[in-house]
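What follows is a single chain, given as structure tokens, in the form predicted on its own.
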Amino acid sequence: MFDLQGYGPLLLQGAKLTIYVGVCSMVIAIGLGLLGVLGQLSKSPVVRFLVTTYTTVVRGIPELVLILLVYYGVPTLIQDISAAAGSPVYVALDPFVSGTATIGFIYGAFSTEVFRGAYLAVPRGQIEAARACGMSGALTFRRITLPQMMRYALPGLGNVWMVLIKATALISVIQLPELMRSADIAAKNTRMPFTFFFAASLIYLAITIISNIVQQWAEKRTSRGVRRA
């Protein structure tokens, strides 16, 4: 029942690509999250409005819709506009680039809210003390605020990663051969859907368990020397 019929290496290759997509997307999400929280702290109402719109709209649209919109909709839109302008072009997006960028863009909105909560958790007195010592706003953020923000944000970012790594399965709809797509190919070729989808679920579970262990280790490490109430 659990004979993989020679498709075990295919699932392992898919798992490696899933992790790679997840890591790259998480890097994008963290970068956008930091930019987003800086935008929310901006004195410009226009910047704050743009960041709020980004987090609200992106969190309100299903991930699958955005993936399909970017991979299929954007090239079609560009081709239609170029054809109307009299200079038709053919546009094809790379599944890995478009899928990774879209997932990162989506979870950048969630990371922004995580970092916002982490920023609010930093004691105001420390920021005021840094400014009283003559530190500029940028220097205060880099030396005082950001290190503590990362400690407070770590649990939330861990949750974002857990959801993000499972959301990579949605990229299978744009033919990227990650874990879900590989399991689907094996299931169709062998007519053993339960076997391969169950095997894929076990691999996803293993990834999340390992991720949870790493997260707990990181939280303990970043909390060293911190007095607990």
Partner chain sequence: MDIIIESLPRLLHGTFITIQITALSVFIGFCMAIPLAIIRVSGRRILSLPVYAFTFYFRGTPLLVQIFLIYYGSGQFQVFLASVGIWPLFQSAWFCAVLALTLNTAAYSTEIFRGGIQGVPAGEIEAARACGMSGMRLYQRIIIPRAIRIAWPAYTNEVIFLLQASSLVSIITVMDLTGVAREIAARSFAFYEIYIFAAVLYIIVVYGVLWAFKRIETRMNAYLRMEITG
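Since the structure is predicted, the reported quantities are computational estimates derived from the model, not experimental observations. Residue numbers count along the first chain shown, from 1.
Note that the form predicted together with its partner chain isn't included here; everything after this is about it.
- The candidate stretches are 119 to 127, 87 to 95, 135 to 143, 71 to 79, and the one lying within 4.5 Å of its partner chain in the model of the complex by heavy atoms is 71 to 79.
- Contact annotation for Ile61: at least one heavy atom lies within 4.5 Å of its partner chain in the model of the complex.
- Interface residue remark: Val27 is not counted as part of the site for its partner chain in the model of the complex, having no heavy atom within 4.5 Å.
- Contact check for Leu176: every heavy atom lies farther than 4.5 Å from its partner chain in the model of the complex.
- Proximity of Met180 to its partner chain in the model of the complex falls within the 4.5 Å heavy atom cutoff.
- Each of Val57, Ala169 and Phe198 is positioned with at least one heavy atom within 4.5 Å of its partner chain in the model of the complex.
- Of the residues in 181 to 195, those that come within 4.5 Å of its partner chain in the model of the complex through at least one heavy atom are, in sequence order, Asp184, Met192, Pro193, Phe194, Thr195.
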